[in-house]
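Encoded as structure tokens, the following chain is the form predicted on its own, with no partner shown.
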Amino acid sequence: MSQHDIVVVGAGPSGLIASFEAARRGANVLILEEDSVVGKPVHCAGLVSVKGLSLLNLHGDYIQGSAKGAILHSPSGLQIRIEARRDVAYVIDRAKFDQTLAKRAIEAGAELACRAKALKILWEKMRVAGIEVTLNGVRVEIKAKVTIDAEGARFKLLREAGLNPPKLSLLYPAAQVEVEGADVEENMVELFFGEQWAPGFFAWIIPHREGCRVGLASKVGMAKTLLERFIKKHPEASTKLRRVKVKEVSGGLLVLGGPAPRTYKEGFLAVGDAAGHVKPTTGGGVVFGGLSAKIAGEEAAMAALRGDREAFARYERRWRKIIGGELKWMSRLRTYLSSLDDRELDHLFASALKLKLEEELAIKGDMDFQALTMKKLLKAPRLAPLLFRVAMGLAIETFKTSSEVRGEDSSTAVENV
């Protein structure tokens, strides 16, 4: 048995940022990573906002490209082009990114153990007191004053801690390929909507200096099959991708259901995907997960080093103050967008084009804080018809959700992940 101030389960960005923040405050931190190498396999499209990386104060040689905007393709082929005057996002090498964060945490004093699979939580007098793992094939009990759950979208430890996960009906399978030889526009991300290609979500093409990433997520599963069909048969995308050579295949789960109802117990904090700190509209989790992880590391150190038992609840209050409202709003928007059929999506595209929404988004858009973007757009009177339509859709979805919580809807949701 080993003893540490803090044990962190998962060496993704959230776990590594939390580890760094705790270690640099003097805590004895052990990071457990199930895979043999940090950053592999890749589970992320690697598109992160310039503003978001700045908020996290992260710098490194992991940037592979940049984007000034996006081209959105409707099911029938309508296009909305949103282009800013300067770069708004970076395309990052996720393996290098994670490895840079790991090096930073280790230099701050954290210890990293790979090939460490979490088995179960250790309990002591009704509080989480550590974790049991297999480390290089050997079962080991690791005692800790604080356990940080950064295990991703499995929710195993979250459930074992007695906490409910984010909404499972919005846990979407995703697939992605790294390719070279695509005929795409530099510095512009492309998103493709349509039930035939990516039901309930969208497909993406993200160019960078060494090629591009092509992927999609789907509410009906079958992500790899749908991706193959998208690359070969989509009327527009297939012409751009007809000569590509696939270099790498990856997959994962997008946590689109908003945050977990509660993300702490005494001795336990959940961060990142495990806590639902992911933008429900796009599936991006690096920025919101990172912001929450910084708080988790700070509060975990307070609990471990000073015996501050209020630190666990304070963690939840702090992250909700920063991103809670955004996640709540985006979760409702995701539920609404996922419910639209192709005809309704095309109507939204046509309305947006008619009202020149792209001009306002190019100036006022924010990749991360999207509710703030909506507030800015509300100040443009000509957008009132479109925003009213979206607002009504959100209101309907909110009513449905509240009715289900009260037990007024007896239908059974079928999960297909």
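All residue numbers are counted from 1 along the displayed sequence. Quantities reported herein were computed from a predicted structural model and do not represent experimental measurements.
The form predicted together with a small molecule is left out here; the points below concern that form.
Enquirer: If we define contact as a non-hydrogen atom of the residue within 4.5 angstroms of the partner, is residue 271 a contact of the small molecule in the predicted complex?
Expert: Yes, residue 271 sits close enough to the small molecule in the predicted complex that at least one of its heavy atoms falls within 4.5 Å.
Enquirer: Considering non-hydrogen atoms and a 4.5 Å limit, does the small molecule approach residue 247 in the predicted complex?
Expert: Residue 247: no contact with the small molecule in the predicted complex.
Enquirer: Taking the shortest heavy atom distance, is residue 166 within 4.5 Å of the small molecule in the predicted complex?
Expert: Close contact is absent here: in the predicted complex, residue 166 is far from the small molecule, nothing within 4.5 Å, heavy atoms only.
Enquirer: Indicate whether residue 150 is a 4.5 Å heavy atom neighbour of the small molecule in the predicted complex.
Expert: Looking in the predicted complex, residue contacts with the small molecule include residue 150, since a heavy atom lies within 4.5 Å.
Enquirer: Name the stretch: of 351-359, 58-66, 22-30, 42-50, exactly one has residues whose heavy atoms fall within 4.5 Å of the small molecule in the predicted complex.
Expert: It is the stretch 42-50.
Enquirer: Go through 252, 257, 199, 211 and name the one with a heavy atom inside 4.5 Å of the small molecule in the predicted complex.
Expert: The option sitting close enough to the partner is 252.
Enquirer: Tell me, which of 154, 262, 229, 243 has a heavy atom within 4.5 angstroms of the small molecule in the predicted complex?
Expert: Going through each option in turn, the one that passes is 154.
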